[in-house]
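A lone chain, given as structure tokens: the form predicted on its own.
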Amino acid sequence: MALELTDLAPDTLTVAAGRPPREHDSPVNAPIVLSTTYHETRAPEAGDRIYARGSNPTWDPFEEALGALEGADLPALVFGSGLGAAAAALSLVPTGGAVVMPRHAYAGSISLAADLAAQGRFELHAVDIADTAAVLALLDALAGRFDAGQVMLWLESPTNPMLEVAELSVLTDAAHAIGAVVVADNTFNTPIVHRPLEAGVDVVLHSVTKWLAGHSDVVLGALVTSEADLRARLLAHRTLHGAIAGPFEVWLALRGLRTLALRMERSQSTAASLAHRLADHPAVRRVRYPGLPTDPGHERAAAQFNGFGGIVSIELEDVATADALVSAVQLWLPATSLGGVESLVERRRRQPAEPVTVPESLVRLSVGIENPDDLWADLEQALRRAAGRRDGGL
């Protein structure tokens, strides 16, 4: 009797999904297939591989596993990068349409959408995604100007790097009421914490580079949907635009996916501990983390998510203090990106594409799987040195 993936919990799916058939002497792990083309013994038919730009057997188990993890009825689609996946998602908006996007989100998505808007592809409307009333009002206004299928609502919750939390179901229902397509970037939460398809979202986006692969050694993206028509359009975009992934990178991502639940459990636990300690530190002006009861998004996150994620953002006294903190850490790694086993720290406004509404002194912490006390000890000494430098001490 075949294993029913729908009966399994997400932490089990990370291990069990995407396995080869159980046959005598068959491999336990899916193999890497390094081939650009495939044998043809008859005229090509729909579903045949034919050429590796359209399909690769190494993609299949990863796409099956991620689709199952997100609770989709169809396999995911893997892309050569998260931004490649974002480009495919934005291709669903017809020329002359409109995109509603959080003002704080992955900088690549914002930059790409702004570039397409500047070319006249669509209107771009930036919103505070946590302000439900404002988003609903904007959608209502757009309904009077655009037909069904011409508007896209882009969700990211929590947002990068401000960690704002949206009311996903409310916004999704309102968007669908005007015929809009809804895309949700689930990179921060992963399916371990939240599955946006269950909130009615049409397409889920992942930068696989981050938590899913989890080891800072591959660049990949993915899209997940349960709607066959949307998947077909996204697949066509991937094939025609060539935003494909290398088989070795996808094999590494599947291997990383096997430990996703354990890594997220550790990262979330440590992030919560650090957030509470940072909230009590005199050198920290503000801590942004939905797991804190005092955080503006706490109640929404608690109601919607199965956890609060592994990202903590803090605001310090000024830019100099923030830069001094990043320079003083010894265990944390000063680097961009997030979601790896190693803990990373970065002052986000150092990135030119970061929105100006992100505070200059905001430092984003991507919490890895190291010992929590070691991470805190390093942060504490770095905060002490940064504050001391500001006050004329060390």
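One-based numbering along the sequence shown. The structure presented is a predicted model; accordingly, all values stated were derived computationally and were not measured.
A second form of this protein, the form predicted together with a small molecule, is not displayed here; the remarks below concern that form.
Listed stretches are 203-211, 167-175, 319-327, 138-146; the contact stretch with the small molecule in the predicted bound form is 203-211, by a heavy atom cutoff of 4.5 Å. Checked against the small molecule in the predicted bound form, the residues 113, 83, 274, 260 give one hit for a heavy atom within 4.5 Å, which is 83. For the candidate set 150, 187, 268, 304, a heavy atom within 4.5 Å of the small molecule in the predicted bound form is found for exactly one residue, namely 187. Taking the partner from elsewhere, residue 220 is found to have a heavy atom lying within 4.5 Å of the small molecule in the predicted bound form. Among heavy atoms of residue 225, none comes within 4.5 Å of the small molecule in the predicted bound form. The small molecule is not shown here, and in the predicted bound form it never comes within 4.5 Å of any heavy atom of residue 365. In the predicted bound form, the small molecule sits within 4.5 Å of a heavy atom of residue 338.
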